[in-house]
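Only one chain is given next, in structure tokens, and it is the form predicted on its own.
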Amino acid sequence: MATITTPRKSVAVNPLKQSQPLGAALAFLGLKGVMPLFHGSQGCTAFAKVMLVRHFREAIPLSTTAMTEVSTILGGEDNVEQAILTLVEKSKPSMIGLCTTGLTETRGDDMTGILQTIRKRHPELHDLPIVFASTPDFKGALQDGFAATVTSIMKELPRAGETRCNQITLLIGSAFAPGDVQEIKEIVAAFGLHAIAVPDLSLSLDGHLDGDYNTVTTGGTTLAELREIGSSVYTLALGESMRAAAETLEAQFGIPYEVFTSLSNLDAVDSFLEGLADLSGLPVPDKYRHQRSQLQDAMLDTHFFFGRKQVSLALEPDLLWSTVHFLQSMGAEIRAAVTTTKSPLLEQLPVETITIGDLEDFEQLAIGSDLLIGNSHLAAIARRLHLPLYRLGFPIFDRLGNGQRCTVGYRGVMQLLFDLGNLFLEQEEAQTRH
């Protein structure tokens, strides 16, 4: 069991974590026709929008209730009402995703009561789903906001229906990029199963050109699909942070679930495919049997470069869990593990110590490593320590293709092996030259 440490500093120096509202916005962006709405100041929304645009290099729909000093003191009900009515008039969203920020959470706005009052005053909003998620950015991190939003979606939108024996629900955590979601959906479809993925970033932030300009998301899980989730025969929760959302579906509709904490190493992918085979009654397709043999060969080719290497990671808990297990399966050793927020997984990680801290803590702990893994904010640390950096997580703003990257399934794990193996190989060649 790992020892969890939290440095007792009065401030975060060089912060690692991203805010809960940013995670909420990312989750809402995986729904089709949605407009995420931040209940807070314009600055909170602008910051989140910049982060998302830089990472995905896509147009990001994001709106704000534009709270000022006066409205914060007097109450934000009028701002919420005006923002919703303006969005309905100008953007015509299928859904509105409303989340709070530190400003309004500190004041303590009664959001449930505010929404009920607004609906009473405006009957035309009766059929418009407004999903609310409480996401204070003075606690938790991106993963927490993302998970809270998915749980709120599961509470608000699915409806009971007759069970469909080939329909399953995929609850996909914040650790999975749009390319990962696409690969997961293709694997599920190969077993003859119809999957409703929530949120489905592979249709909204995968990087594609649309014919017309839209003010809301153009792809993702549709409202009709969200309504049908109550008819699914099973729920697959991908990432420990999705457990609460899966439990919500079980409590409401009696749908059983299973949590897969990783899809990024051989054993994890094997378990996932075995689970799909059990659900569908079909054998694992030959395509994936062949990919598995390719991955085994790739592991043989690359394990010489991973053995006994010291790796330091700064990642959200779900992503930290899967990456640590991937590295250890290849013989690498964890020098330092820094994360952003609490998770039940952390104590179970097979490392000595995990620090819930910032990048100042990470830089001190990472001295003596062979490789750093984390987002683009680690680049300056990598230069100071003269170490290679593998960019993973959010945000990545100094590399292209973040909407297409895949690190799950046999194919994704194989690519991850080659990418990291090549970094180790380059490092050895550089050391030889010097």
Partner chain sequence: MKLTQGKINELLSESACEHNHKKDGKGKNKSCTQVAQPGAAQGGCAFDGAMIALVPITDAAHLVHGPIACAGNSWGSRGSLSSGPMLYKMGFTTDLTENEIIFGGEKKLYKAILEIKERYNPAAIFVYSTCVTALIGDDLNAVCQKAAEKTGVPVVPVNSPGFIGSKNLGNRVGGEALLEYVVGTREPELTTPYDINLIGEYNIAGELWNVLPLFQKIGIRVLGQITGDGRYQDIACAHRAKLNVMICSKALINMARKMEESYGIPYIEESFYGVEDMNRCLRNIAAKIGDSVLQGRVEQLIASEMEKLNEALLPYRKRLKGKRVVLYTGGVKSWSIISAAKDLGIEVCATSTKKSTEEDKARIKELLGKDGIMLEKGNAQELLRVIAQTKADMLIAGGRNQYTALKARIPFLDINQERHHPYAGYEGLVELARELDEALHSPVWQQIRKPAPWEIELPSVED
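Residue numbers count along the first chain shown, from 1. Everything numeric in this text was worked out from a predicted model, so none of it was measured.
Note that the form predicted together with its partner chain isn't included here; everything after this is about it.
Shown alone here, T353 lies farther than 4.5 Å from its partner chain in the predicted complex, counting heavy atoms only. In the predicted complex, at least one heavy atom of M51 sits within 4.5 Å of a heavy atom of its partner chain. Interface residue remark: L425 is not counted as part of the site for its partner chain in the predicted complex, having no heavy atom within 4.5 Å.
Although the partner is absent here, G331 sits far enough away that none of its heavy atoms falls within 4.5 Å of its partner chain in the predicted complex. This chain lacks the partner; the member of R308, H208, H126, R159 within 4.5 angstroms of its partner chain in the predicted complex by a non-hydrogen atom is H208. Between its partner chain and the residues L359, V131, L345, V188, the one pair within 4.5 Å by heavy atoms in the predicted complex involves L359. Just one listed stretch, out of 255-263, 180-188, 359-367, 225-233, contacts its partner chain in the predicted complex at the 4.5 Å heavy atom level, and that stretch is 359-367. Relative to its partner chain in the predicted complex, residues S10, T65 and H377 are all within 4.5 Å by at least one heavy atom. Contacts between stretch 8-37 and its partner chain, counted in the predicted complex as any heavy atom lying within 4.5 Å, involve K9, S10, V11, A12, V13, N14, P15, K17, Q18, S19, L22, listed in sequence order.
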